[in-house]
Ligand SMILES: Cc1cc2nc3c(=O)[nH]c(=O)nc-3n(C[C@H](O)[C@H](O)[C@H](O)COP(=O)(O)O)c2cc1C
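Below, in structure tokens: the form predicted on its own, a single chain.
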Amino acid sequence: MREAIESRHSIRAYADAPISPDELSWLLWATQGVRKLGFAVGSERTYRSVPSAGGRHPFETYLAVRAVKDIEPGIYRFLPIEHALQEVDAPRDISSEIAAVCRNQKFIEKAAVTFVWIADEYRATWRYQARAYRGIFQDAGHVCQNLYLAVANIGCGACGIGAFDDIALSRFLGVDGVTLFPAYAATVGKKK
């Protein structure tokens, strides 16, 4: 564990190589995976691979895929209970578009996949009202830290991204930017 923590750093240069579906599956499980389903306080809940304030798990994971074997480039949404991907946008190369809405950070164009965690305001605010936003952003840190740790054993690197145009990224992903809004993003790619 010490080695994983000491070797953790942001990687912004990626090899021009795809990641495998199994590697993507591992990263999705590590960041938003469902360990089990259960009931608490009279409702169904998920127990996931990351901690979340009050067990709210307020995120929808969107992926801007550029280079994953056997998956067409495009925008996908992760369905954690089914552990499946749902196509959001027609398959196309979106690498320059995702880089543009992330303040023209060119390294994003070379990432195999860019994760964007969209916060669902209601999941947290119904319980915690105004304090919910603190939990949402704390949870974003937990999710991205798990990504950093998970890439280490598959020959990949990651880079968390907080610099993006909120409105443009929301439009790009087809969310309203108010009740569903981008909280954090990160790139993943094979290390050079």
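The first residue of the shown sequence is 1; numbering continues from there. In this text, all values refer to a predicted model and were calculated from it rather than measured experimentally.
The form predicted in complex with the named molecule is left out here; the points below concern that form.
Trainee: Which one of L63, A150, C159, A67 is close to the named molecule in the predicted complex, taking close to mean a heavy atom within 4.5 Å?
Mentor: Answer to the contact question: C159.
Trainee: Does at least one non-hydrogen atom of R8 fall within 4.5 angstroms of the named molecule in the predicted complex?
Mentor: Within the cut-off, so yes.
Trainee: For R12, is any heavy atom within 4.5 Å of the named molecule in the predicted complex, or not?
Mentor: Taking the distances in the predicted complex, the answer for R12 is yes, it comes within 4.5 Å of the named molecule.
Trainee: So in the predicted complex, does A163 come within 4.5 Å of the named molecule, heavy atom to heavy atom?
Mentor: Output for A163 is yes: heavy atoms within 4.5 Å of the named molecule.
Trainee: Whether F172 contacts the named molecule in the predicted complex should be assessed with a 4.5 Å heavy atom distance threshold; does it?
Mentor: No, F172 sits far enough from the named molecule in the predicted complex that none of its heavy atoms falls within 4.5 Å.
Trainee: Using a 4.5 Å cut-off on heavy atoms, which residues of 93-107 contact the named molecule in the predicted complex?
Mentor: Counting only heavy atoms within 4.5 Å of the named molecule in the predicted complex, the contacting residues of 93-107 are Q105, F107.
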